[in-house]
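For reference, the chain that follows is the form predicted on its own, supplied as structure tokens.
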């Protein structure tokens, strides 16, 4: 595995590969890698000639500095995991490489209503920071494909929209959520759960799986009410449980209002926010 810390060195290497006609698959991460990340890299290896993974804890997408400070950093372990699965290239930049002197921090991508609810309503500025770093990384790596997990559903939907608006050659590949044996969506934040919290957290995915079944029996309003009742326990604080069009992210009233429908939720368990979602209907 090649490891690059400088943009110029990475671009020179990728440029050589591209002139040889190789395709590049890119997986952007913030480290603390788990099996979910590994699945994205394995998918990139299947679909492209060379897999590139970046590890960069992006400060501009944390609305709470305490959350940034607590974000797990396990670089040595991450490098070991990437090496074992045969990752071709690791990009491990510092903040000055991503945001060099004179960088335009005023860049804002206009997502419109897509970014104004769910995570957008609860994490002001998060999607501005996310779009900023993804745009920058795509411009650096110039991949043919970018692989993102379904767990951050709103994020990957916004990135797909952004790439289209940028007229970028890069195509987004959405990969399924990788779950623990009890259904909990894998996340770097899971390591911060204690034993009791870890058991409670599985209720989130169970509620979503039940919503998937109920969506064909009840109105979406009733599905949402049932889900919120199940999540109404003292240890949980539910930021939202929304059922939306999986492409436009617009809220819908009826199951047939969209070709693809997704239920998205975020639950706070103590100081930890746990995201999850479930496709209730998907167009093929």
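What you are looking at is a predicted structure, and each value in this text was computed from that prediction instead of being measured. Numbering follows the first chain given and starts at 1.
Same protein, other form: the form predicted in complex with a small molecule, not shown, and the subject of what follows.
- Only one of 84-92, 191-199, 106-114, 141-149 lies within 4.5 Å of the small molecule in the model of the complex by heavy atoms, and it is 141-149.
- None of 178, 203, 79, 163 but one reaches within 4.5 angstroms of the small molecule in the model of the complex through a heavy atom, and that residue is 178.
- Note on the partner interface in the model of the complex: the residue among 212, 168, 74, 155 having a heavy atom within 4.5 angstroms of the small molecule is 155.
- Within 4.5 Å of some heavy atom of the small molecule in the model of the complex lies at least one heavy atom of residue 34.
- In the model of the complex, at least one heavy atom of residue 29 sits within 4.5 Å of the small molecule.
- Not displayed here, the small molecule is kept clear of residue 98 by more than 4.5 Å at the level of heavy atoms in the model of the complex.
- None of the heavy atoms of residue 227 is located within 4.5 Å of the small molecule in the model of the complex.
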